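Just the one chain here, the form predicted alone, laid out as structure tokens.
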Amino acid sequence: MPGYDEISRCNRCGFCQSVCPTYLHSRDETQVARGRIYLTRLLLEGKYDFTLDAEVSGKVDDCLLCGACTVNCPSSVKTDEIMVSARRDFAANRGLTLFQKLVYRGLLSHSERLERASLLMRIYERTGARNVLYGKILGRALDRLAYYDSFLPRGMSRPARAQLEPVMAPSGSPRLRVGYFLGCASNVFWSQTALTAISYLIHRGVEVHLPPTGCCGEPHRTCGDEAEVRRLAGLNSTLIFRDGFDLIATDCSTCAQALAHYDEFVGADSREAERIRPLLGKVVDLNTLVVEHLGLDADNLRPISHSAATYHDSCHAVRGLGVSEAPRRILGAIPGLELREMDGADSCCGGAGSYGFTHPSMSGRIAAAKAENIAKTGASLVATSCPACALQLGAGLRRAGQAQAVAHPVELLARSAAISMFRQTPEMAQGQDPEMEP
């Protein structure tokens, strides 16, 4: 955990209260930055025990890690980093929770398992089993299952990786060679977005390389599983941080923020950290790649089926990467599409990775407030740059009975440019995915 001096810099002024989502929806002092920091201070002073006090660890786990308190703190106390460090100490003393073992280590640490699990999700949808949850008789008895079901996108397709090649070149000489990091959620839950985005890049003259990377490790970092973070980062860094790539891009802002700090993930004092540190500046999120390196090519855009959109800033994008203008420029470039800003556009949606599953009550309340702000704009479309946010927003909108579509800005740009989705090769259509070389 950070030293006593770092934690003591919190003067309990209360500025964090006005921006902390969990406090605003609970009015509980232990659900705000200064309250959580005070608890960690008591841990350092030995007044609580890491191995015994589940209530204290629960308050630490309740933090969304959205970073809003940090940017609003006069003393610049990095509460999100303090909470991650505290979780690391809890994990070291008490071990991982069953959920973390099953989902993080069991599925996210092994992408092939997650892809196999996605097959079950598609079967679940296509057999009509979902309809049972929302039936008039069983709907009330299965409210909790219906809540979890609301996170699953409608019309899930095969994982994106199964439909893509290791190297996808444009016609003619490429203007850029990009290493594309395909995150877990983008691969399985937001596959159409990944396929469309990559199609757009190829159309714009980008040679796209798809290394066989796994989970970026950010979910494991946030739960304190330091050993698994280093293992995953060590495997990924050799695949994605290569001198031959002009840029390293991803459609997931969470993955982008993680990759930008991969020298810390692999171990700040390690040889691998020394090797990749000069390459970290090549990491960009997809919006930045398009706006700053390709240009919007506005003359070839045409209206899409929506006339008004609003944008949700993911925490990792706006506070982690400082990206907020690029996605709005993309939306503003689409003819006939009016961008309507919602109240609290940069406020956490309550997704925070798996937070919606581990903290359904708080996450649901935050999502409901976000859905209400979206409704007030009158927009029929919500854009965001994070798959986890997309899942949370989609779930919140469905539970609120709202019908707004959710999409990535670059996906919308591809539609406006009339670029068709990446097409499978005959071998892939037969289910024979090509082997990917490291």
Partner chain sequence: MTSPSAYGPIGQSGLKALSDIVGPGNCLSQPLELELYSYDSSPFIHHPSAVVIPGDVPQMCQVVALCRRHGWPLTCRGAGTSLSGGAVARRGGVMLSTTRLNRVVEIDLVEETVLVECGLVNLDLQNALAPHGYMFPPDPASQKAATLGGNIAENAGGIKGVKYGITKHHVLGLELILDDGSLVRTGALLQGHEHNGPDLTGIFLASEGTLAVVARALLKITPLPRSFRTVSAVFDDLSRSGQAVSSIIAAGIIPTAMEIMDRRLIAALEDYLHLGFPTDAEAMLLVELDGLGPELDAQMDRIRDLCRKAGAVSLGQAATEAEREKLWLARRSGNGAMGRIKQGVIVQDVTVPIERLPGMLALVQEVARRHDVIIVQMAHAGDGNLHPHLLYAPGDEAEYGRCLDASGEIFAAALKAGGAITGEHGVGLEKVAYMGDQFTEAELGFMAAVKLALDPTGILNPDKVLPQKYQPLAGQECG
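Positions refer to the first chain, counted from 1. Just so you know, these numbers come straight off a predicted model, no measurement behind them.
Below, we refer to the form predicted together with the partner chain, which is not included among the displayed structures.
- Every residue in the set Cys13, Ser18 and Tyr48 has a non-hydrogen atom no more than 4.5 Å from the partner chain in the model of the complex.
- Only one listed stretch (32 to 40, 409 to 417, 378 to 386, 396 to 404) carries heavy atoms within 4.5 Å of the partner chain in the model of the complex, and that stretch is 32 to 40.
- The partner is absent here; in the model of the complex, the one residue of Ser361, Asn300, Ser76, Ser305 having a heavy atom within 4.5 Å of the partner chain is Ser76.
- Among Gln192, Asn72, Thr238, Ser270, the residue placing a heavy atom within 4.5 Å of the partner chain in the model of the complex is Asn72.
- Using a 4.5 angstroms threshold between heavy atoms, Ser26 counts as touching the partner chain in the model of the complex.
- In the model of the complex, at least one heavy atom of Val56 sits within 4.5 Å of a heavy atom of the partner chain.
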